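So this one's two forms of a single chain, laid out as structure tokens and tagged structure 1 and structure 2.
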Structure 1
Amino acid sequence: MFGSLFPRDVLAELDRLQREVQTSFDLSPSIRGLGRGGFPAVNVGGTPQSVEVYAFAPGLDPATLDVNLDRGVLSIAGERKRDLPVPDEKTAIHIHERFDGRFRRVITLPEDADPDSVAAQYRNGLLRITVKRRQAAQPRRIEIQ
């Protein structure tokens, strides 16, 4: 006589909602960068002398890449051109997994990164950005007299 306010399988519905929420967090941009599925894929690491950022961006013209460092935030932006024909009534695209379009990745660097000492190189689809650490932040041995 009375209709249910909840779906019949409440646990399945909760599971679906949890997956949707998790997906939205995984793909939303943040100060640390873009989550899973972001382009270009990046690896960030460091040595005592520098912070190393590797962006995997094959097939791009390095002249179209824009790398900026502002107040400790490194941004990599650009555009990947579409390499498939524009679909019309005579053509069809069956699978399109490669990202095309504008992109931007944002990475927060550590406080000891020196904005005056940055180098970027692009070769074989790999963008390598090296940011030296400030000399004052370098560990050093102090001799006792």
Structure 2
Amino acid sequence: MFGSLFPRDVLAELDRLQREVQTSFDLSPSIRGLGRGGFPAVNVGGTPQSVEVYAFAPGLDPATLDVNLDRGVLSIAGERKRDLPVPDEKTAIHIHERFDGRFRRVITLPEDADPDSVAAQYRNGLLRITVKRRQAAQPRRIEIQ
């Protein structure tokens, strides 16, 4: 193989292995590629009354965050400014792992999500979006006559 002509370090190999294992476990990825490793990282949960979205988006100005809900699709977009100085002969960047630049993440919400009652809150770099479910879709106990 060509790969063996250019031996890579062990950590890079482990990284590749980890990605391969992850891909083989994600059996049915969404068409929007809700893949891991994007910015911001997202957790989604639900209660009978609401859908809760947690986006781990540190270092943003909430005023520049763009959260949209269009036909059951929630999108979170914005831009993260670079904190690092422009390198010159006096500065050296040793590690650069943090994301900077424009980002957009899109999440398909369940059908009963109500686009008219959405609340978003940004605290400690965590964006929490609560979308209420429609009344009609909530579970109801039916009285037996």
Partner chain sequence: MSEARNIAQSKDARASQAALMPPVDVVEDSTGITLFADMPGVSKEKLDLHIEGDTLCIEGEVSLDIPEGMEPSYAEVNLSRYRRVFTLSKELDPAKVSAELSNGVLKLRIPKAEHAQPRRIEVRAG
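By rigid core we mean the largest C-alpha set that fits within 1.5 Å across both forms. Sequence positions of structure 1, starting at 1, serve as the residue numbers. If you're wondering where the values come from, they're calculated on a predicted model, not measured in any experiment.
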Kindly point out the structure, among the two, that is the form predicted on its own. 1
When the two forms are laid on each other by their rigid core, does Arg16 show a Cα shift of 2 Å or more between the two structures? yes
